[in-house]
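A lone chain, given as structure tokens: the form predicted alone.
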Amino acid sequence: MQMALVIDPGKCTGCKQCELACSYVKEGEFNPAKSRIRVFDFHQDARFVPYTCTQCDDAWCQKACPVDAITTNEWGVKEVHDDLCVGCKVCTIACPFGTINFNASTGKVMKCDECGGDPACVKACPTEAIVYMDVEQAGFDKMRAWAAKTDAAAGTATAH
């Protein structure tokens, strides 16, 4: 079973507990700048959107790495190996989503590795805007939510 972080921006309050938990678990300090997850703040719309590595199947960051410091583990998660990373930042340029970043204090890049299957951001999120679930179930839940919205818009009730 392949697991994934599933983010529901509609539930995010912008508390940034996910950023703090991530930086503490990964770097030993509460420093959002060193978090592998970021909460984007749309001030004008009063909306918050958490985002992190989507673990692309065809990962550009991995392909761009000249020293093969990014590998895929048995769960499909892309991991950066600090002992191989030379800090060239080519992967940060290659990532179209901006979810792999340079850590100036270590001279290496950092990205979400889903905390080895126990993501700190999920445990820290008080509104369940970030959950960790089976990839196949995530797709089913999205379809169910969309169906519920369309039923509500049409004014019909559906039995589940």
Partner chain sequence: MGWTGQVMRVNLTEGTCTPEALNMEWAGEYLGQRGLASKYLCEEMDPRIDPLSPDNMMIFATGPLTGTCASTGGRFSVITKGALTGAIACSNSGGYWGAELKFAGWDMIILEGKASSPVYLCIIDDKVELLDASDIWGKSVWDTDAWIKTRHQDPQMHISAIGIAGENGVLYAGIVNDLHRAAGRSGVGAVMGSKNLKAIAVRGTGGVKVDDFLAFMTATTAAKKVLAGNAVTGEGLPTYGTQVLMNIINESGALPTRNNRDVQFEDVHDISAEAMAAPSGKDGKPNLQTNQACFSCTIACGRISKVNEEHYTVQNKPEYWHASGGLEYEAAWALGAAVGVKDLDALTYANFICNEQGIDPISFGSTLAAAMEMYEDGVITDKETGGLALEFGSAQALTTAVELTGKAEGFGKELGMGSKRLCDKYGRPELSMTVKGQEFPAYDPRGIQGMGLGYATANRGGCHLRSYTVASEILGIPEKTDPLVTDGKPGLVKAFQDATAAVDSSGLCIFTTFAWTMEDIAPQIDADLPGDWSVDRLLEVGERIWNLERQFNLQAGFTAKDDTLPKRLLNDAAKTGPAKGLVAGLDKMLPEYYELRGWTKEGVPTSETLSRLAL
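Positions refer to the first chain, counted from 1. Source: prediction; values computed, not measured.
Omitted from view is the form predicted in complex with the partner chain, to which the following refers.
Please pick, from V135, V131, C56, A33, the one residue with any non-hydrogen atom lying within 4.5 angstroms of the partner chain in the predicted complex.
Here the answer is residue option A33.
How about D118 - does it come within 4.5 Å of the partner chain in the predicted complex, if we only consider non-hydrogen atoms?
Taking the distances in the predicted complex, the answer for D118 is no, it never comes within 4.5 Å of the partner chain.
Counting only non-hydrogen atoms and a 4.5 angstroms cut-off, does R38 reach the partner chain in the predicted complex?
Heavy-atom contact with the partner chain at 4.5 Å: present for R38.
Taking heavy atoms and a 4.5 Å limit, what residues of 2-35 are near the partner chain in the predicted complex?
Heavy-atom contacts within 4.5 Å come from T13, G14, C15, K16, Q17, L20, Y24, G28, E29, F30, N31, P32, A33, K34.
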